[in-house]
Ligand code: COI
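The data below hold one chain only, encoded as C-alpha cells and taken in the form predicted alone.
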C-alpha cells in the first residue's frame, strides 16, 4: 500500500485533505445509496434550515492501524446511536445505524493511505454530520437531509499528548442549561463556548471547566470533553442533564470497574476538587488527558507536580488505548475491522 506523504508523528489536530468523503441524502421519505466523492464542498440552498435554524448535529470517532496492519474502528454503534439521539432532539431524520456503519467502513477503506501508521501517535479522525437542507423561511423542521462523513489524519488534540493540561473554572459563561441541548452534539453548543475557551487559551490554559447553569457550583464538563477525578480507588465523574454523554467516558467507566475501582456518576461539587488526588478529561479527541491543575478564583488546585500523569490515570489510558489500537484483546466487542 502506498502511504500518503505526510509527517504522521508530527501531525496537528487539524483538517488535512484526503481522497474521499461519503454522502447520503434523505428525500421523499427515504435514504439514498451512499456516494463516495472527491468533492470538498457542499451545494445547499441559501435558505437551508441548517443555516438559519441550526438543524445540524455531528459525531467524532477514530480509525486505528493495528500492529498486524489491519485498520479498526472504535465503538461505531455507540456513535451511531448518539447521532440518532442528537437528531431526534432537534426533530431531524435519524440516520439508521446500518447506514452509519456502512458509511464509516466505506470512507475509511477509500482513504486507507491516510490512516497513520501504528504507534505513530496519530489516528484517522472521522467526522460524521447531519444537516437539514430544505429551503425554509418559517421555523420548522427540514424535510430533506444530508448525512456525510469526511476523514482527516490527526495528531493529539492537546499538543503535548499525554502531558498534563491546565484548566480554569468558568463561572460567568455557561455552555448549556438543564432542559436545553447540552446533552447532544450540535454545533451551537461549541459556538457558544468559544468565547470562554479562546479567552482561557490566551491566558495559558488548555480549556475551561464549566459549572452547572442553575446553581453555579457543580462541575459539568470541560469545553471539549467530559471530566473525572480520582480519590483513592474511587473514580467520580459528573452526572448532569447538560453534559454530552462521552463514549470515551462510557468506555473508561467500564474499564475502571473491571480494574476493581468504585465508580460514582453523580453531581460533583466544585469545593470537592481539592480532596482528589488525580483528575482528567475524556473524549474522542482528547482520549484521556491528565489534568495538572485547575485554577479557581485565582488559586490553583494541583494534581500533578512532576509533569507525569498519576498512576490511575495512566493505567486507564494504557488499557483504553491498547484496545483502541489493537494491542490488547477486546473483551467488550467495541472494535470493528475495516474490510
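Positions refer to the first chain, counted from 1. Not measured: the values here are computed from a predicted model.
We do not show the form predicted in complex with this ligand, though everything after this point is about it.
Shown without its partner, this chain lists 304, 273, 36, 285 as candidates; in the predicted bound form, only 285 has a non-hydrogen atom within 4.5 angstroms of this ligand. This chain lacks the partner; the member of 20, 317, 13, 25 within 4.5 angstroms of this ligand in the predicted bound form by a non-hydrogen atom is 13. Partner contact region in the predicted bound form: 58-66, out of 25-33, 45-53, 293-301, 58-66, criterion any non-hydrogen atom within 4.5 Å of this ligand. By the criterion of a heavy atom within 4.5 Å, residue 174 is excluded from the residues contacting this ligand in the predicted bound form. Shown alone here, residue 81 lies farther than 4.5 Å from this ligand in the predicted bound form, counting heavy atoms only. Taking non-hydrogen atoms only, residue 157 approaches this ligand to within 4.5 angstroms in the predicted bound form. Contact check for residue 185: a non-hydrogen atom falls within 4.5 Å of this ligand in the predicted bound form. Although this ligand is not shown here, in the predicted bound form the stretch 104-140 places heavy atoms of 125, 127 within 4.5 Å of it, in sequence order.
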